[in-house]
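Form predicted alone, single chain, as structure tokens, below.
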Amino acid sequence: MKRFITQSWLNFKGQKSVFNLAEFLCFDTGYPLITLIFYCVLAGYSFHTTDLTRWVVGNSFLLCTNTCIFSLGSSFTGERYHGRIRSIIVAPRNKLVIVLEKGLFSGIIAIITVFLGFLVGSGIFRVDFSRIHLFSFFLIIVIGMFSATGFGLLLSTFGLITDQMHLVLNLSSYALMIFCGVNFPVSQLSYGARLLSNCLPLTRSIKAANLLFEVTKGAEVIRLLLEELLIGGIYFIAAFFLIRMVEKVAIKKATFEVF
């Protein structure tokens, strides 16, 4: 366990080593919070409402995008850039452990960022969190970030099979913004878009968090969280098998990329 945590910390430091503390805080919390405020103000004027709870909840979950999509999603691309991809591919180590190591601290930072988003959002837009069950709310955040971290890890493995990661990561971040029910209900999407929404992380977490502010539907919230856990687990397993596939190609063709 100690080795796992040490390797996770080194991976995280490797991702963030180019930033000093001020740059890290601005990039991982300041910029996402400004984005949250922008979309909440826009929703307030667009829908002529002062009750912005739904938008604060949705955009707070989306604050994990910088950490889970862009930082974590480019981790294998960074490994190749820094010359470590050779060691990762040929090392006789369980690739699932390598995947989990990369996600541990990114997931923790994402949870903290989302929690800050809720605090700032509730302070600025007067969202009343006193009427919800806070432990259930915290649990929803943790499960949502587990799923988002798995999604980011799966995206990171695409860095081994394509050199167009900027396109992949930006497209993924906008897909989360449009299809996860952040700024408008999933029920307003077309049938095909709703199918895509059900395959993305955060959709069920955002819906479960919104349900806490309405009439309590315990069974519905539990069902959504179990489905979110399943989706997150599928992302982690898919990332593991994708790395194994690249490993086999590397052995067969004596190359470290599929593209």
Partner chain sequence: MNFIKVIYSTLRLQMKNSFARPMYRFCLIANPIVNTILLYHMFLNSNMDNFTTYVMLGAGLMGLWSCICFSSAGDINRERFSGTLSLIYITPTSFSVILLGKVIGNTILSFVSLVISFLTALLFYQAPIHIEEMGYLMLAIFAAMICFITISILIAYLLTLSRKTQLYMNCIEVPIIFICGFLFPVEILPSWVQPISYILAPTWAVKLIRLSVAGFTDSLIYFKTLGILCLITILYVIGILLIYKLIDREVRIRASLELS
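From a predicted model like this one, the values you see are computed outputs, not experimental measurements. Numbering follows the first chain given and starts at 1.
The discussion below concerns the form predicted in complex with the partner chain, not included here.
For the marked spot (S87, A91 and V97), a heavy atom within 4.5 Å of the partner chain in the predicted bound form is absent from each of the three residues. Residue in contact with the partner chain in the predicted bound form (any heavy atom within 4.5 Å), chosen from L200, A43, I69, L224: A43. This chain appears without its partner; in the predicted bound form, the one residue of R126, H166, H82, R131 with a heavy atom within 4.5 Å of the partner chain is H166.
Contact with the partner chain, judged by heavy atoms within 4.5 Å in the predicted bound form, is confined among 176-184, 154-162, 138-146, 106-114 to 176-184. Contact annotation for F19: at least one heavy atom lies within 4.5 Å of the partner chain in the predicted bound form. In the predicted bound form, at least one heavy atom of I34 sits within 4.5 Å of a heavy atom of the partner chain.
Under a 4.5 angstroms non-hydrogen atom cutoff, the partner chain in the predicted bound form has C26 among its neighbouring residues.
Contact annotation: L119 falls outside 4.5 Å of the partner chain in the predicted bound form, judged by heavy atom distances.
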